[in-house]
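Here's a solo chain for you in structure tokens, the form predicted on its own.
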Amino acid sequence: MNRHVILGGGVAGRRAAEVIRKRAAEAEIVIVDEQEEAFYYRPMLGELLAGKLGPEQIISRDKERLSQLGVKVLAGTQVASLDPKAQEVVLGSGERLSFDKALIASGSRTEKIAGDDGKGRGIVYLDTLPEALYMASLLGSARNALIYGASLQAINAVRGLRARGIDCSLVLPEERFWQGVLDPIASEILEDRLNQEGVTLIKQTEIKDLVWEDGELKGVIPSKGEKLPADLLVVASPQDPRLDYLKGSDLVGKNGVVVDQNLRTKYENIFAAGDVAGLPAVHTGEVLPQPGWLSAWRQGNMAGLNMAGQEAVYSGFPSLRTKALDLDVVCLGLSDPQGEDVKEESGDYPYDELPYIYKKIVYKDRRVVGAVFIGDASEAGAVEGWIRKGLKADECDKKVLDQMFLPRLQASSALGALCPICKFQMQLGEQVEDGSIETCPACGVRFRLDRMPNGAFRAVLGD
């Protein structure tokens, strides 16, 4: 009987286990995860911090489902090393776990900041559910909150802090928000919205040291300017793949575990998926990670198919989907590219009447290679399909383009909804009703549709 060992119980690892089981009923499947409770919806941590959801509402039923499928889960278990030639995983206890096929899907973690010895109170790395609960316990006494870095975790922290009425500052090492993902116009829109909600942005500044008093955080020393007072610091970047157990391994490249379009490493029986995987970019060939919940789900799905004996090709590309305060943000493919062969189309956005809506399509060699949506992502699903197919500009649906760039022609946003978990923009039928229960076609989560005062639908997790 073949044994499939999956390192990581996040969305990529869980999806791979489900797919393998469907195609290999007799296989032994083992998930090894260092977290005691890995089965939760990570994109919902911001709602937890905001007090809109309790811990029980963001914990998924995947653990129960995997148990029913006969998948063994080793929770709270450290991995010490992986030996590709011996086909063994060495656990922190010293136990050796042999495998026929293995999947590296251990996710990412935030780097520790200078001056943090792990003994003081007031610093949070928002990578896990326990850390989110710890942060929630500090909010009652927080007066000066700082968030360091721009990432999905940073957005979750901002959402939670502002919902609790806590003013906060966002310290960015870069000159603008999400540089390399958002273009200058999109960054400016997002920064303006953050400022409007009482979030102060301090740009082109790094944190050099921390100020402590009796084990309590009191402030940070920035790379420029005077000391910043802070009794709560949320460190949101930089983030690196969780690959301590692969130190010195020939599996690891500059940007994670190097895989091909089958998500296979240089070893025939070892695969990688999610934040740890460095994939060749569809349009440039450059090996890069493709972070994000939906990307991890898709990669886990594809890795599971290939581990079960298929030869499925992954044709994904970077796909960042989140909500910044009340703004939907979707960035697809090459969303902030450089080069003479690149052309961008954004109509007349932003309009004075629609200051927080921005849409852009990126063409490279006349083919659609990227897009940005701020505030309204109604057409994101269609454009993602164009990128995947590599359509030329004149092959794109003109009705969709008109809907994007001519606001007067926009169809009712009531016909679309953003998945609360993976942020996939779903198209809804005209007969959909308030309160109906739907299933996301991308990640499979069930949710309720609530009609908002403007007629649009909002997808709500929990019922």
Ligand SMILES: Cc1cc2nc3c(=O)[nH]c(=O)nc-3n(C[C@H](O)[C@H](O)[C@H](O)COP(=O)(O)OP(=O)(O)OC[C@H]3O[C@@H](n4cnc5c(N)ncnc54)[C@H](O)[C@@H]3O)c2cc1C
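In this text, all values refer to a predicted model and were calculated from it rather than measured experimentally. When you see a residue number, it is the position in the sequence shown, counting from 1.
Same protein, other form: the form predicted together with this ligand, not shown, and the subject of what follows.
- Contact with this ligand, judged by heavy atoms within 4.5 Å in the predicted bound form, is confined among 237 to 245, 251 to 259, 377 to 385, 336 to 344 to 237 to 245.
- When this ligand is considered in the predicted bound form, only one residue from Val32, Ile29, Ala417, Met404 comes within 4.5 Å through any heavy atom, namely Val32.
- Of the listed positions (Val369, Leu182, Leu126, Ile147), a single one reaches within 4.5 angstroms of this ligand by any non-hydrogen atom in the predicted bound form, namely Leu126.
- The candidate site formed by Asn2, Pro84 and Thr265 is entirely out of contact with this ligand in the predicted bound form, as no residue has a non-hydrogen atom within 4.5 angstroms of it.
- The closest non-hydrogen atom of Gln78 lies within 4.5 Å of this ligand in the predicted bound form.
- For Leu152, a non-hydrogen atom is located within 4.5 Å of this ligand in the predicted bound form, even though that partner is not displayed.
- When contacts are judged by a 4.5 Å heavy atom cut-off, Trp293 counts as touching this ligand in the predicted bound form.
- Taking the partner from elsewhere, Asn306 is found to have every heavy atom lying beyond 4.5 Å of this ligand in the predicted bound form.
- Residues Ala105, Ser106, Gly107, Ser108 are the members of 100 to 124 with a non-hydrogen atom no more than 4.5 angstroms from this ligand in the predicted bound form.
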